[in-house]
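So here's one chain in two forms, each on its own in structure tokens, numbered structure 1 and structure 2.
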Structure 1
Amino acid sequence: MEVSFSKEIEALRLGAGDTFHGEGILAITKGLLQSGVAYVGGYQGAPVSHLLDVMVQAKPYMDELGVHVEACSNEASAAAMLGASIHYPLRGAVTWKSIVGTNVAADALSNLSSPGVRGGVLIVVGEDYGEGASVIQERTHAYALKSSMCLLDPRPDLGVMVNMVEHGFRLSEQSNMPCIMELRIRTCHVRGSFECKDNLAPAVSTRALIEEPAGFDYMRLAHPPVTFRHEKLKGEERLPAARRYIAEHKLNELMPGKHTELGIVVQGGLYNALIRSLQQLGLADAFGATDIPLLVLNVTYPLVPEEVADFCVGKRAVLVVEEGQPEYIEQEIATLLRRRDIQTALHGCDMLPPAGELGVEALSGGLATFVQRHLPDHAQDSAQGWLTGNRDRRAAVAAKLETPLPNRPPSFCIGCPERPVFSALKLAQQDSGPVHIAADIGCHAFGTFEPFSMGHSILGYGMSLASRAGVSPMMQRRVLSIMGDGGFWHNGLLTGVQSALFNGDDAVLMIFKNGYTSATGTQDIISTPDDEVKAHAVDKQQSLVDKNQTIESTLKGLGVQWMRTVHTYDVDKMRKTLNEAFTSSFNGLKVIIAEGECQLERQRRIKPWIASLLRQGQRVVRVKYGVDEDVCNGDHACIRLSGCPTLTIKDNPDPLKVDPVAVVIDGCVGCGLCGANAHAATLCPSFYRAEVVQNPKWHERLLHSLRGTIVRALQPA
């Protein structure tokens, strides 16, 4: 696991009278416990990884409360887990990254929403949208609409967020609808505080077990003919019940303002940005007191028609502040205004940008138009000056820089075991010709960035092998599919491997076996080396992923006949193996397992180990690579084959030469790639491997001093 959450776990134990200080996603986690959640599941992914990570690490305390925590193999299994709340009065919560995770979970979600739930169900999704997002830009909103699930979008204030968690469960129970809570990236990482309540141990739990299973009840199955009844129930009973609860408990907040003839309807999650925009236009104060009345939707589906109608009626114009497309909320409001024949002018996408994150600047632009149109007397000079000022400054900087600044995409970590595979792949394509590369989700997707720039398609997590099924039959040369062990277990095993074997496809699959789902924060998976293995390893520096053979035995069991395991840092062997796979006469599925443990995890193990050895004055060997500046030819071929952050360039110390030379800076973990590349690609002979022996033994010292005298005698100045 990437981080130790001991501090956060303590925070989970806080009770009434205590104040919680910390990140939004942890506040949500605390909120679940305060609501008496009985089971929690999910699949890791930014920005909600921490919810599950903390709960997994807090297992002892969870057992104390009787809460079951499950690290699911993917979002589908997490969503299916919610089936427990169909029959039983269990409050359950699951979490994942959306939109992608919701896509994977969609089938189970539909079959959960149709019969409906008895125990409260809360799905906490990280709405990975806008700046910092790592996935396609779509709205989770659509799922709430199509499957009739409530959608909570709380104002990013820790108190409100926690409160909405508790309401979410009750809302779910009152309406029998599952509730989704969408949290944007910055909301998950916002640091604030709230007043705690005591945690509730669930009535039914791993400590207080259910004695008898529920009786047979066909209505609880998602199976015809009752599914037709379910669909009616959604409209006739569940949605009305939900609307009643939302209205009664005032989950949506009404904020008065002096310009009563105008109004703004805003998604709760965008409230803070809207207030700052109003401040910039001189229409709100530091504490959120606004001149234009607001309707803050902490629940964005279902809307309460009366609530919206009452807000709009008698107003000259209303602006709907809604992020992303399509503008579902605006459309629904338009419909209900039309049906009620309310003549208030409705604005939204006509003034606000229809696509992309609604940051303060973007929001202010639309707001300014709205105010200009409907509040013409309000002076806007300052705001307009600020907006045009921004535009002018950007142009001015661009002009001063002449050339655009180079991007800084994320890249493989220092010493990452996946980097060498792309070095080998680059070289192998020089031997066997360029190949179509079906890429995947995971750290290895960084291979699509410089200096490798490899990969033709990304169709989803674990989808690479499946995504070449239509390509490889049409392609004269073989197609390479790249998959991480995370993606393999997430669904690549079935959607890819099983299908390729069944169809006898001629395919090449490269599995990065680094032992963890590293891109999401190095969570453990079934093929992660056991803790005992790590504890007992004599040399803690070595990669330990070979100690777990689950992937290999699974593939053998499925009937994979061509399988090679290669240690990733052996570039030459990987190159040969790739060439063999590309040119072999075997026409079935060829699997190459690239073995090398995630460097992040290794360093977490190595650093304390080395430190302890040094404290005890024991012998330690530290490896660092280097470049001889007077031999380096300044061509940087080595960098084009590596991209390691510690292999960089500096001014040429030779006054005759002009091009910068390569240099290995501090931070090099001595992974060996520089040396392996130097040999595999026959780079210039400037690389050296230095082994620094700390606390050498006495005989080593003796030998070294003898050797030293002779060597020095041989050396010229």
Structure 2
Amino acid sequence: MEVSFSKEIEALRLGAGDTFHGEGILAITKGLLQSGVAYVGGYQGAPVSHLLDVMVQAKPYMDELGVHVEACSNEASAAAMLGASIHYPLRGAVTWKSIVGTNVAADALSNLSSPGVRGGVLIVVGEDYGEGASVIQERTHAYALKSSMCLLDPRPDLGVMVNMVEHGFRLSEQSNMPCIMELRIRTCHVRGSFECKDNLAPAVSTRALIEEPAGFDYMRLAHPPVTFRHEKLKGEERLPAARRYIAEHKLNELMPGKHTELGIVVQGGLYNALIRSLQQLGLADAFGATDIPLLVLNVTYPLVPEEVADFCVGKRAVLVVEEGQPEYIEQEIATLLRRRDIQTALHGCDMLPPAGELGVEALSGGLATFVQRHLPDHAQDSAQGWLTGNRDRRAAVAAKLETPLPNRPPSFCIGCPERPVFSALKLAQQDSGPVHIAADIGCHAFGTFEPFSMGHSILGYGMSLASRAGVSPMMQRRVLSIMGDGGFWHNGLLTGVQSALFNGDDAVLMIFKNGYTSATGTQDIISTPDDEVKAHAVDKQQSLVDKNQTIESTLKGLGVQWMRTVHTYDVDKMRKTLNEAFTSSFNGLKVIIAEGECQLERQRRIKPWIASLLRQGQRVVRVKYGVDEDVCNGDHACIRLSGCPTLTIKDNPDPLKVDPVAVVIDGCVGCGLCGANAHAATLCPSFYRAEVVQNPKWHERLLHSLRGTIVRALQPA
């Protein structure tokens, strides 16, 4: 019943003579197999999660090739896998979402980069930067500089991307440096095609084992005093070797143009947006041919000084198109030019936005400034008209609105088992008073948005319990920490629970146990119920329950003495349990486990099952909730307490009343939260529960007909 990648797995089997069609991230996955990768690991997360998800589901095929695939508990454990390539000629690849994932993996990456690698290493990171990002706005570039790792930023063309995967492994082996490949969201999801090669079974693999371990070599340890020698090797041997390889194989692309007195240096990942911006200015055609010469940096670190100098020498001005801050590439190019006494005018952040995603509109504005200064005779009417038209259209829409459009923040899915817990928490604070809430990364972070607006800090995945350690001793009331089961296994168990127990902290921890790492795409974790439980739950149309109680048994084994497990949809019981935790005389860690299956996964399980029953003509009952319009008083407390998208308002049918009434619209999954909230908060009794029966039995049809006759008879004429 899980998300299936069967089509994607078939695409991985393509060989020489076949043409691949699909998304960029799957092309990268195919490129790994064509490069003879021996092991693949990583931590799931957008926008690169398809790589690991597909590899995990393709395990039978990976076994045929002898490729080991491992879903890691966090990014640090994924990065530590790369230690296999320090001694052995094994090509390894790991993946995660950056920059948050790279932060977690930083320790292992530093200790990997110091001794260097023998087998090629490729770290594929989703550069989640810009307006569509879901993480803090930082760049991977700093890590490449800090730890001397090559940084690839391929042009968003599937053929180029796959080629850079293959070169990435060779570059790593030639320079003994790990390589990072950063892929922006648009790059991951760009669609195209490329001519395939046969997949290569690695020479050393799970099917061709290493007979003897490598001999002891102290130089292969990131340990003083040899780390001082490692640092010299980086500058004396590794970086020069990397630059030679980049130059010899022309990894960076030079694209000529007729205005040879000007030039643009661009990160490879921004190439498509740059070409579109040049088209708006009339400086490029529909096929990408440009009037201004381009140096496309498919490798953004290390730069090749001779390559940059040759491109810039003799030009009046060069624009560096670099996304984000600080402007590492622009600063390095400025240094390279001045050391060679090349006086070409260099522009970048003086014309382009220093922060944020460089989309076409942002780029076009900066390019227009550059062209206006250095190509004053070039007509820019079309571009300026396009930019002005965009601004005018926004202004026209705003003028037509009597009031600005309300914000529409992200929200929990319909029927999400985490929403009722925040409803209960709202009610509990009515009893116990406001509490400081240490929030966390995951689906439950939506609780920071309206109508809940709860959470004082988010400092890392699984770090909520640790982040309240400095607050709770200073707070009169107990502090609540919230984390998901994914965050618990990722980091929370050790950094939070172990630390709180060791220090004897008086803390309250809420763990959302929905069965999956939901926020990253509902991947399985160690506490995900097994297939037997899933099959049983389908038949009974129940939510999943981890029969092994993996989280509970782990906490008991660690020494947690106060623990309660509560079903999330029981709002009243959850409210009482929270109040008990806030007011208990027990001085120590108190853990509440909110158990309720991820609704997306539940729907994926039961919808095919229900469809099969209907096809067979079997009886199916669907629960539906609604609001009695005659009873609803229109104060909408139910909406403020729930925030469910299917619980909204409509005009009051009573002409004597002006307040709109609540209504449950289509899309309701029948979780029952609205009714549970009404009961727990003692709201108006306007909610009703109905059962929609499809393919009813003969006696149900008869009873329904009889009821209808009686109701019609009792109605006034």
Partner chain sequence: MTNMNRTQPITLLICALGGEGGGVLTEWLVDIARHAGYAAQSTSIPGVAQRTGATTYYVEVFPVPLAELGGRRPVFSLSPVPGALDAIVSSELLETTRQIGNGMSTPQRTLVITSSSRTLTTAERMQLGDGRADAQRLLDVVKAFSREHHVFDMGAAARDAGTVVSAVMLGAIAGSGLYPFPREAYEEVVRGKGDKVSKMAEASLRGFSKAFDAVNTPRQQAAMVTGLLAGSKDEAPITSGLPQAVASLFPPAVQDMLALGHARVLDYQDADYAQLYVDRLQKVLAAERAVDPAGAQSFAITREMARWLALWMAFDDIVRVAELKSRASRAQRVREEVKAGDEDIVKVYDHFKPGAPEFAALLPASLADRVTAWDRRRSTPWALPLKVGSHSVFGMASLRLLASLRWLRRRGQRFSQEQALIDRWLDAVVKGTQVNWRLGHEIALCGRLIKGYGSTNERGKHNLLHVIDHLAIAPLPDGSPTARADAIAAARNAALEDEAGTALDATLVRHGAPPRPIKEQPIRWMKRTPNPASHAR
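Note that the structure is predicted; figures quoted are calculated from it, not measured. Between two forms, the rigid core is defined as the largest C-alpha subset superposing within 1.5 Å. For residue numbers, the reference is structure 1: its sequence is counted from 1.
Taken from the form predicted on its own, structure 2 is distinct in origin from structure 1. Residue 708 is among the residues whose C-alpha shifts by 2 Å or more between the two structures once the rigid core is aligned. Relative to the superposed rigid core, the position of the CA of residue 695 differs between the two structures by 2 Å or more.
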